[in-house]
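Heads up, the chain below is alone and in the form predicted alone; it's given as structure tokens.
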């Protein structure tokens, strides 16, 4: 049976739809009015008529899709109340990537918060996650299984630095998603005291430059290009590239490459082996199982709606703890990028 909250927000094939405001949140198809939580491609797509998002997310969408990705755009500041018809919306930090937001939707005394993707743990490259009181919390479930308990990112970076010391003749090739993960890994290395130049694939350049323009100090970055006779200069270097580049000849141009991936999925050894990963780094931009549970307990909503991920396990946990919950079974959102 549908709850009264579905009058405010409910899933449709295009995405989460708000009838009284006539807008969608993170729609997977072009719509008239879209509110976007963050710049990852499965949440932020081009072709909408009007897009509202944080200024940083709008900048990222312009970098990725061009300035004409929507007919019009409207920036939203964190904490700013914006009225769309009879509905009030407010963007709150999600702690996922630069510019990421949860979207709170209020109408007739009801408040629903759509989390988008989020992580509660500290990240030096984006605003910290902010729990928001609400009647319904729509949570992602990317890592919603008890097996996913992510270590501290600093400890994974320490493992990387130890490998660099043990293997001074090998280029450490790190696969990291181009938006958020790559910049976070670089910043974590800097915070751990690594001051050498870091080499980046061309696919990371524009977003790294944007992060630096927003005050995220990434230190000295150089292009990861190997000219004739220069292969040796990358011995002992850190080289970052998007995961898609690791199936190409690009990797083989470097001296005795040591393959590493930075992802929450690296806790699954079979995935690491399938990708030929020698040094898996469990660094995730999503909440792990414990963080999902802690967030729900902290917010204490009347209902929990679970989307894009391991929905059933989290719904079951809620039921065992007397929390009304249901899966939304929405399609079009990917989890491989983490």
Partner chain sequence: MRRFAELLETLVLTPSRNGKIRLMVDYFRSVNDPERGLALAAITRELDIPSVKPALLRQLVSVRVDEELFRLSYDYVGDLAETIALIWPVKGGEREGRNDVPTLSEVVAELLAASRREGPALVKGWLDRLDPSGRYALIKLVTGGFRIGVSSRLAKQALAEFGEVPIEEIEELWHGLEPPYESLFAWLEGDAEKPESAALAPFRPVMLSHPVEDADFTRLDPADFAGEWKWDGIRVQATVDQGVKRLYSRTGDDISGAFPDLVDALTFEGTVDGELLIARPLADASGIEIGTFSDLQQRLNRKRLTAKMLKDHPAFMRVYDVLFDGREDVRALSFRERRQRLEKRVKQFDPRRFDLSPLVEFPSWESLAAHRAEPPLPMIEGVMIKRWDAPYLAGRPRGEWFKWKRDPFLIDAVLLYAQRGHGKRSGFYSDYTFGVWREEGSARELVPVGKAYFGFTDEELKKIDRYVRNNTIERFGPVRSVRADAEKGLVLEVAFEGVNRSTRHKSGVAMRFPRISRLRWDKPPSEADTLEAVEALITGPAVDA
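Positions refer to the first chain, counted from 1. What you see is a predicted model, and the numbers here were worked out from it, not measured in a lab.
Heads up, the form predicted together with its partner chain isn't pictured, but that's what we're talking about next.
In the predicted complex, its partner chain lies within 4.5 Å of some heavy atom of residue 271. Taking the partner from elsewhere, residue 107 is found to have every heavy atom lying beyond 4.5 Å of its partner chain in the predicted complex. In the predicted complex, its partner chain lies farther than 4.5 Å from every heavy atom of residue 160. The shortest heavy atom separation between residue 223 and its partner chain in the predicted complex exceeds 4.5 Å. Although its partner chain is omitted here, in the predicted complex all of 149, 246 and 278 have a heavy atom within 4.5 Å of it. Note on contacts: among 259, 237, 134, 189, the single residue with a heavy atom within 4.5 Å of its partner chain in the predicted complex is 259. Taking a 4.5 Å heavy atom cutoff to its partner chain in the predicted complex, the contact residue among 209, 167, 233, 88 is 167.
The stretch among 62-70, 48-56, 35-43, 309-317 whose residues place heavy atoms within 4.5 Å of its partner chain in the predicted complex is 309-317.
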